[in-house]
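Encoded as structure tokens, the following chain is the form predicted on its own, with no partner shown.
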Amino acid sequence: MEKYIGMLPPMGWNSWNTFTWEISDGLIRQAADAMVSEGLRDAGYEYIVTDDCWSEKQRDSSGRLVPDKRKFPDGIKAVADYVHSKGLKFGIYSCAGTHTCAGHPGSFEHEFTDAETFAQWGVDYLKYDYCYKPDGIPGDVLYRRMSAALRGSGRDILFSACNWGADNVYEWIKGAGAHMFRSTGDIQDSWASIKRIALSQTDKQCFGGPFCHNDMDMLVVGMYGGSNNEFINAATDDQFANREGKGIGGCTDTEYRTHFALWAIMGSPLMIGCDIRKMSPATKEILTNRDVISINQDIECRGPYRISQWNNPENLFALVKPLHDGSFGIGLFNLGDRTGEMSLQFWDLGISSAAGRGLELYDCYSHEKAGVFSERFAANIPPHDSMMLKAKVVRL
């Protein structure tokens, strides 16, 4: 038994954002191969998760879920075994309601049977959605049911609760036993969606922590409008439509880098959503930045606090995360549409110049020391851009 499952924010890949219903045994195997060959496994990513539409539309005569015979002709265990052979872990999807969001059988009233089935197949991770939940049944009860079923299945299975931040989930999700919980609606491959989700969670960092992480949804880094789903591509977001060299929607590499930095320092699980078989060099650089990942994976899992720029507090701010070695992870963000100065006053971190202390800064993007500073650090941040720093308290 793996003692510390879910202690740190999970890292992996999920099929939904790019492929939605177009999944198969072959795709999952190729994703596992790419996870290894592209260096993602070595960077810390470990889960390969098959999302909705993997099963037939009906259970079998004994009430068990049946893999789609066309998509998974050899069953789920065969593909799970292949993922495990690559040194990775395998995840699957179900729903707390009667049906999944795409109309396949949900796990309502089948929780223990499904958990047992997943364990027999070698599943290591369950994403548990919230569609078609019967009226009148509290969501916390349904998540407790599946948590109990998974914990009694005889296999360590990470429990990813996905109820979109509904029903005051922050108040009860830790007690329900989930290792991570979706706190937002579905992400889209657009800057507007990234900004909206990030700002919605900056005041909720106190709710995440070890063994129960605030999931701000899967990453769209490197998608460039490449989903087969118009909603994910943000087809209605005219600001990002029809960019040269991209599909409908999509972001710039600068915006994707800021997206990754926000999710990392805010402690969200890092679940990749792009086609990792075809990553651009910029995408690979963003997703494998070990300095940024180390801030996300810090063992104390502390949520950051926000320090806003006094003359543009909505768009310019710092997120400061205390790390286990006594240093800080610091992100400087400009979510606005014009270049602006972000001035970080060290007094706001509790560091007084009268004490003869300053900060030695390390740039997580250039992977170089930025110098030693006293009293404050100021930087002009281009629109939609960011800086990620590690800061160590030093004597001046």
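Start at 1 with the first residue shown and count on from there. These numbers come from a predicted model, not from an experiment.
Another form exists, predicted in complex with a small molecule; not displayed. Remarks below refer to it.
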Problem - Contact test, all of 257, 285 and 389, partner the small molecule in the model of the complex, heavy atom 4.5 Å - result: no
Handout entry: 4.5 Å heavy atom contact, residue 92 to the small molecule in the model of the complex
Key = no
Practice task
Using the partner position in the model of the complex, report whether residue 179 sits within 4.5 Å of the small molecule, counting heavy atoms only.
Solution key: no
Exercise for the section: Consider residue 129 of the chain shown here, and say whether it contacts the small molecule in the model of the complex, taking contact as heavy atoms within 4.5 Å. Expected result: yes
Handout entry: Contact label in the model of the complex: residue 251 to the small molecule, heavy atom within 4.5 Å
Key = no
Completion exercise
Checking 320, 119, 101, 149 against the small molecule in the model of the complex, the residue with a non-hydrogen atom inside 4.5 angstroms turns out to be 101
Practice task
Only one of 272, 223, 266, 162 comes within 4.5 Å of the small molecule in the model of the complex by heavy atoms, so just point that one out.
Solution key: 162
Practice task
Would you point out which of 149-157, 258-266, 121-129, 195-203 contains residues with a non-hydrogen atom within 4.5 Å of the small molecule in the model of the complex?
Solution key: 121-129
